[in-house]
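In structure tokens, one chain follows: the form predicted on its own.
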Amino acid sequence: MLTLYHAPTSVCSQKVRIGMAVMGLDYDSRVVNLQKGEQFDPAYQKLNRDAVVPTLVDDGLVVTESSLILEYLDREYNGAALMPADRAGKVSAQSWLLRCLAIHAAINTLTFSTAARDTILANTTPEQIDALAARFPDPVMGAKRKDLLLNGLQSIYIGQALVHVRRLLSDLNAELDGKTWLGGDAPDLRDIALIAYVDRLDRLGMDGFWGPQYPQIGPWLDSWKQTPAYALAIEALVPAGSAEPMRAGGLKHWPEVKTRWDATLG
């Protein structure tokens, strides 16, 4: 039995759950409560030294990093059916899987500098923020989280995040080129790897990122929302009463984000 350590609204957890749903894979679900800091538990950190989710355990073999988990599951349990067979498609998929590291960092930045920041600051003292930052195994990750919480959209990480979001949307829009899926008739590893990140922007009320400039993005996201995999792996696990506050929190900051976004075109 596959065991998946994950969190309901973690974008990387959503990404792996989407993949497992598309592949029809069952798993033993182990929910890690990120708000309570369960990712820092020593027992969990024996599995994942970075104290992040998701983590897959397959008969004692531990696999971390969501893109690697997706590729592993497809190769070991799905006959690599989701990896493009042609040379160009395979390179495209491998490139997107690698780029997910930067894309995730960008989505993390926009989440914790807007809606999540407001919630955390309302319930956390400066001393608690210092303590949280100190718990990250990677001190740079801890420093980043502290900077985002203290400085919001004035953080030094915002410009970098917007560059990577621009590249994500521009390249995804171009590769879709009128298709429903990057995989053609059905989602492949590329579609699966990217959906949770675009969905998070939408849930933050930041769908203005694509608009008329990137017209393929909205229909692609809408197509995902009609799938059983999306319903099972993302929608069904959104905590009750959390969707609207997140969207409202993101929309509150959208005018400032939009100003910074437009500046990246200059």
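As the structure is a prediction and not an experimental result, all values here were calculated from the model. Don't overthink the numbering: it's just position in the shown sequence, from 1.
If you look for the form predicted together with a small molecule, you will not find it shown, but the lines that follow are about it.
> Run the contact test on V11, Q39 and S66 with a 4.5 Å heavy atom cut-off to the small molecule in the predicted complex and return yes or no.
All three within 4.5 Å in the predicted complex.
> Within 4.5 Å of the small molecule in the predicted complex, counting heavy atoms only, one of 227 to 235, 47 to 55, 22 to 30, 206 to 214 shows up; tell me which.
One stretch meets the cut-off, namely 47 to 55.
> Just one of R117, R99, R145, H164 has a heavy atom within 4.5 Å of the small molecule in the predicted complex. Which one?
Exactly one residue meets the criterion: R145.
> Using 4.5 Å between non-hydrogen atoms, is H104 touching the small molecule in the predicted complex?
Yes - in the predicted complex, heavy atoms of H104 and the small molecule come within 4.5 Å of each other.
> Closest heavy atom of L34 to the small molecule in the predicted complex, within 4.5 Å or not?
L34: contacts the small molecule in the predicted complex.
> Taking 4.5 angstroms as the cut-off for heavy atoms, does W181 touch the small molecule in the predicted complex?
Judged by the heavy-atom cut-off of 4.5 Å, W181 is well away from the small molecule in the predicted complex.
> Counting only non-hydrogen atoms and a 4.5 angstroms cut-off, does Y157 reach the small molecule in the predicted complex?
No - in the predicted complex, heavy atoms of Y157 and the small molecule never come within 4.5 Å of each other.
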